[in-house]
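Here's a solo chain for you in structure tokens, the form predicted on its own.
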């Protein structure tokens, strides 16, 4: 009984810590904006790399659509985590090795505002 409680508590604590860490990381990076050159690189990546699965106009393809109306009810943290860690069991790869949390945050903000539409 104690061991089961301990395992459950450890799992709950770990998930809470991971969730809060992600939110904390988002809060820390939210105020930073990539340089203009980096923004151009990220927009190119969004159009070319993301567009190869989500459609060149982000209206969907292999991956789901990424239009404002499709993302409006999704928390920005979910979008950032999807960019960074991918979606296991789907074709969505993790971009964590190529993009920083700041990059993913900026991309998520652009998607939420419809920069490409």
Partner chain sequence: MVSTTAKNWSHRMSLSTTVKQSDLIPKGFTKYFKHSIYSPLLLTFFIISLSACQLQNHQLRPTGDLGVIIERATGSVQVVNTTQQEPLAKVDKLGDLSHASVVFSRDQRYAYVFARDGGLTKVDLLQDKIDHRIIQSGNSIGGAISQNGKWIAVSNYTPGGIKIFSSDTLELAADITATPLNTSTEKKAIYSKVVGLVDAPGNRFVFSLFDTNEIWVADYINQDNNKKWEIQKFTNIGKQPYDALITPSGRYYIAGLFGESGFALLDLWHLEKGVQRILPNYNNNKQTLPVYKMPHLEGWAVAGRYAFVPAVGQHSILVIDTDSWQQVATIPVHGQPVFAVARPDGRQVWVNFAYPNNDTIQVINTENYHIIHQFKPGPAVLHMSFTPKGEQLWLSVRDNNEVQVYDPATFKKSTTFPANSPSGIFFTSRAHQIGL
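Positions refer to the first chain, counted from 1. Being a predicted model, the structure only gives us computed values, none of them experimental.
Although it is not shown, the form predicted together with its partner chain is what the next lines describe.
A heavy atom within 4.5 Å of its partner chain in the predicted complex is found for exactly one of 78, 57, 43, 68: 57. Contact annotation for residue 91: at least one heavy atom lies within 4.5 Å of its partner chain in the predicted complex. At the 4.5 Å threshold, heavy atoms of residue 33 stay clear of its partner chain in the predicted complex, well away from it.
Here the marked residues 49, 62 and 95 all reach its partner chain in the predicted complex, each with a heavy atom within 4.5 angstroms.
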